[in-house]
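Below you will find one chain, with nothing else, as structure tokens; this is the form predicted on its own, and questions on how it binds or moves follow later.
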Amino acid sequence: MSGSTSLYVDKPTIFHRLTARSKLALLVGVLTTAYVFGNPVVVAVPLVALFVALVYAGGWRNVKRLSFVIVAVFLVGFVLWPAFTPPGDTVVFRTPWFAVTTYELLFALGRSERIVAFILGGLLFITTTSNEEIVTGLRSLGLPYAFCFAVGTALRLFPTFLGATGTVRQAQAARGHEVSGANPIERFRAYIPLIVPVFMTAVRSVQTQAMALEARGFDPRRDRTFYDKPTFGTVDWAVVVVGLVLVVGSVWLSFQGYGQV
């Protein structure tokens, strides 16, 4: 039976030693470079950097767990973007129904890479930051505690949903429902009958947690204290500066016309 494990990976890496606030600043800088540019070669730089950092931080297991979602999002975006893109001049291939130009192809590839970069960026953050650190970091930024608690709860329940999906998948496989195979379209169709039981499991988990919180007198409007208050050191300030440089530099280069299709 599948177990529900957290996406957080406890390893003594540089990213783990940073505070949640400095990691958010660096993440905003890297994702800004992926957002403001459209050339797939340029967008591939932050994408590859995030992937390497994620593997270094021990997040390869999380990448494999979400590989189906990542590949599906990339392929759907790559196929659909040309339909909403102005046509270019050079035709790459033509069919009796439509033609794809070089501009449409590069535009779709750059946008799909951007979406994957955002997924890997979020995955890197939750791989190197525990739920408690995330809530403490968001609260130290001045955000309402109710919002911080909701984010922490959602991240805590996400592995539970993945575990429930594995459990339901194994139960359906025992009944003869095959969900594996090389054809991605067939695999996607095979997962559709699993949506209802997984959704009901998720609702039951949320209701159980809500009752447990009510039984303990939980009130998100009260002031909270935190046992662990990480120190914002020199390295964190340096990382924040790097994030700001990435934001300002990438936006300035974008306005100058660099890195566009």
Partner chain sequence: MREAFTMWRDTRMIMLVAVVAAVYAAILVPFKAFQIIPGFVSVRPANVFPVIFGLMFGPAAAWGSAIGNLIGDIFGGTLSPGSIFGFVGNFFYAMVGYKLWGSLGPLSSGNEPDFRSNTGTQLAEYVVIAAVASALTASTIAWGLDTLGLAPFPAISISIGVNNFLTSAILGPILLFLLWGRVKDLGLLYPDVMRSEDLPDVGTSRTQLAAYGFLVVAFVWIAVGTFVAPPGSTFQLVLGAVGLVLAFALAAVSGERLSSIVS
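No experiment lies behind these values; they were computed from the predicted model shown. Whichever C-alpha set is largest while still superposing within 1.5 Å between the two forms counts as the rigid core. Residue numbers count along the first chain shown, from 1.
What follows is about the form predicted in complex with the partner chain, which we do not show.
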Residue (of T102, Q172, T153, S140) lying close to the partner chain in the model of the complex, criterion heavy atoms within 4.5 Å: T153
Contact residue in the model of the complex, from L213, V63, A49, V41 (heavy atom within 4.5 Å of the partner chain): L213
Contact test, all of V55, V242 and F255, partner the partner chain in the model of the complex, heavy atom 4.5 Å: no
Contact of G122 with the partner chain in the model of the complex (heavy atom, 4.5 Å): yes
Residue contact check: L7 to the partner chain in the model of the complex, 4.5 Å heavy atom: yes
4.5 Å heavy atom contact, L162 to the partner chain in the model of the complex: yes
Close approach of G233 to the partner chain in the model of the complex, 4.5 Å, heavy atom: no
Sequence-ordered list of residues in 73 to 88 near the partner chain in the model of the complex, where near means a heavy atom within 4.5 Å: V73, V76, L80, W81, F84
Core-superposed comparison between the shown form and the other one, V198 Cα displacement 2 Å or beyond: yes
Rigid-core frame, C-alpha of A44, shift of 2 angstroms or more between the shown form and the other one: no
V69 C-alpha relocation of at least 2 Å between the shown form and the other one, rigid core basis: no
